[in-house]
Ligand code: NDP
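This document opens with one chain alone, in structure tokens, the form predicted on its own.
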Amino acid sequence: MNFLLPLTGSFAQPAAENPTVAMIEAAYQHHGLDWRYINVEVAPDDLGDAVRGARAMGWRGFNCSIPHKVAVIEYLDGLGASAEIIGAVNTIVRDGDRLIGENTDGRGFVAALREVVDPKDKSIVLFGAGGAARAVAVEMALAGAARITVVNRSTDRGKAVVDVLKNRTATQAVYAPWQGTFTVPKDTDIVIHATSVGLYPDVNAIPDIDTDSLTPDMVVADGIHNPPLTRLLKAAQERGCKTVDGLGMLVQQGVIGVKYWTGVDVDPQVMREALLILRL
């Protein structure tokens, strides 16, 4: 098998329609890059073989989706600084003969958020404690957030994220139980929703947050990219808040990944438009 183009891709399971393919291929085409980004279905038991295959074929890098973000680490040669703290990777980059794991999820979120507000010295309330929330929390802390309150229903998972922030970053971190409807404290600067509530097809769902406690001086961000305008963001806009959608995060983490692989700063608007064509 002879590959003539530099290759990047996604190790996903299952290999359903992948919006990342659409936006990255659009960026390659727009910038005249003779590259291809392909989606490959990889079962968990085949992950090691897939990584060895990508290494043997000279792939410049690839993404990993759930359930591979942690398992892939044992097949890599090293981790980037934030990926090591987070304990999961979504982007693998070839560095000479080495494959290095990076995590662009949180950095993409920070980049999208910075188009509206800089998290430095801000007080943040973060809903969720899963993989995405953990990545966002770490990157917010590394970006200089003064205080992060992790709100989660599972005490163990919530405190685990807080412990990482306390032990590995300079930010102040506290856990708050999510029991019933959560009222956002008045001194909050940024509200971040990082659970799956509201994700397609359950588009009418809204996280159990008292939206009446949102004030116009707060920025509200939702990690859900499909649909981009969630019920939470609609409610926040009605309260006068500035908002950041999950589509921006998806695009920005893609921009960072392409920069790792190609060295090119691609146009995020081209990638966003490719996603909107898919009606995300």
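Since we're looking at a predicted model, the values are computed, not measured. Start at 1 and count along the sequence shown; that's the residue number.
Just so it is clear, the following notes concern the form predicted together with the named molecule, a form of the same protein that is not shown.
Asker: Quick check for you: of 94-102, 112-120, 126-134, 180-188, which stretch puts a non-hydrogen atom within 4.5 Å of the named molecule in the predicted complex?
Answerer: Result for this chain: 126-134.
Asker: Any of the heavy atoms of T195 lying within 4.5 Å of the named molecule in the predicted complex?
Answerer: Heavy-atom contact with the named molecule at 4.5 Å: present for T195.
Asker: Can any non-hydrogen atom of I66 be found within 4.5 angstroms of the named molecule in the predicted complex?
Answerer: Contact check for I66: yes, within 4.5 Å of the named molecule in the predicted complex.
Asker: Using the partner position in the predicted complex, report whether N152 sits within 4.5 Å of the named molecule, counting heavy atoms only.
Answerer: Yes, contact at 4.5 Å.
Asker: Wondering, does L199 line up within 4.5 Å of the named molecule in the predicted complex on heavy atoms?
Answerer: Flag for L199 set to yes.
Asker: Find the only residue in V42, M249, V255, V220 having a heavy atom within 4.5 Å of the named molecule in the predicted complex.
Answerer: Exactly one residue meets the criterion: M249.
Asker: Quick one: name the residues from 201-228 with any non-hydrogen atom within 4.5 angstroms of the named molecule in the predicted complex.
Answerer: Residues within 4.5 Å: G223, I224, H225.
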